[in-house]
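What follows is one chain in structure tokens, specifically the form predicted on its own.
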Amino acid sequence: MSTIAARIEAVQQAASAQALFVATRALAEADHGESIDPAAIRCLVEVLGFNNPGAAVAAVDGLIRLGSSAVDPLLTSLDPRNYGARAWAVRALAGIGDVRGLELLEEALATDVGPSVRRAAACGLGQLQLASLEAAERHQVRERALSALVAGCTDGEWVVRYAVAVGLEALGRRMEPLPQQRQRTLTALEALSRLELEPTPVVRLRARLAQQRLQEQKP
């Protein structure tokens, strides 16, 4: 039996919450070499649906390490009846940064009931990997991500607004010189930095820092 297969079996046969966590972490940290075992991805995705936050965190870390190979299994496994699994999937997709997760990240930032999930989605929208896309598609994805982040500026939780500021900066740093998108980004950050519009000091400070960094960046 291969090392990967043995680690998958250990996850499947775990008899306690602690054993599941340890086995999942071992699988998440496994070296797949040049060929990623699809069964390992399926196993990590399944763990997201278990009622074990420690194991789910380890599974998310493992799926992020596996990168784009994990995106389709994550998206096809989504079950609207299992909120926990969906929330962990959002975190994984945010960390991977594949544009195939864009729709789910948009939806999560706009509607998810969990502030931590909305926060992850906001960060993920700023970190989407766009380099491999054609120019027209890059523009469309950036526009959708920017629109979602601008809307997120009015989120009711300060941790989400903080993450929106982080996402806006990350997205703005990787934008091609498109004046309208750049101005919308700076305008959104300006709103987050103003005392009369943003009550939380740490959010205002983070927005100002993002503004400063983007303004110092050569267009």
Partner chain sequence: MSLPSPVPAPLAGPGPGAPGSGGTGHPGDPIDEVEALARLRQSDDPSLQYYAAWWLGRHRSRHPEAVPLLLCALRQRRPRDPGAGVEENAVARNAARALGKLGDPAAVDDLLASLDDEDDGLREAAARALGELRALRAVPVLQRRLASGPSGAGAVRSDSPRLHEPCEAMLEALGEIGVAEAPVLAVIEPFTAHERPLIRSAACRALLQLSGEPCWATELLQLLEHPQLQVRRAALMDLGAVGWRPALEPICRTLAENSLKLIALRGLVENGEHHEFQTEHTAVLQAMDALL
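Positions refer to the first chain, counted from 1. The structure presented is a predicted model; accordingly, all values stated were derived computationally and were not measured.
Just so it is clear, the following notes concern the form predicted together with the partner chain, a form of the same protein that is not shown.
Where, among 138-146, 70-78, 95-103, 108-116, do residues come within 4.5 Å of the partner chain in the predicted complex by heavy atom distance?
Looking at the other structure, the answer is 108-116.
Heavy atom within 4.5 Å of the partner chain in the predicted complex: which of A26, V159, A170, L178 fits that? Just give me the one.
Looking at the other structure, the residue within range turns out to be V159.
V166, I36, A191, A30: which sits within 4.5 Å of the partner chain in the predicted complex by any heavy atom?
Only one listed residue qualifies here, and that residue is V166.
Look up in the predicted complex whether L128 has a non-hydrogen atom within 4.5 angstroms of the partner chain, and give yes or no.
Although the partner chain is absent here, L128 would stay clear of it in the predicted complex, with no heavy atoms inside 4.5 Å.
Give a yes or no for Q13: in the predicted complex, does one of its heavy atoms lie within 4.5 Å of a heavy atom belonging to the partner chain?
Q13: no, not in contact with the partner chain in the predicted complex.
So, in the predicted complex, is A85 in contact with the partner chain at a 4.5 angstroms heavy atom limit?
No, A85 stays farther than 4.5 Å from the partner chain in the predicted complex.
Do T200 and the partner chain come within 4.5 Å of each other in the predicted complex, heavy atoms counted?
Contact check for T200: yes, within 4.5 Å of the partner chain in the predicted complex.
Which residues in 138-152 have a heavy atom within 4.5 Å of the partner chain in the predicted complex?
Contacting residues: none.
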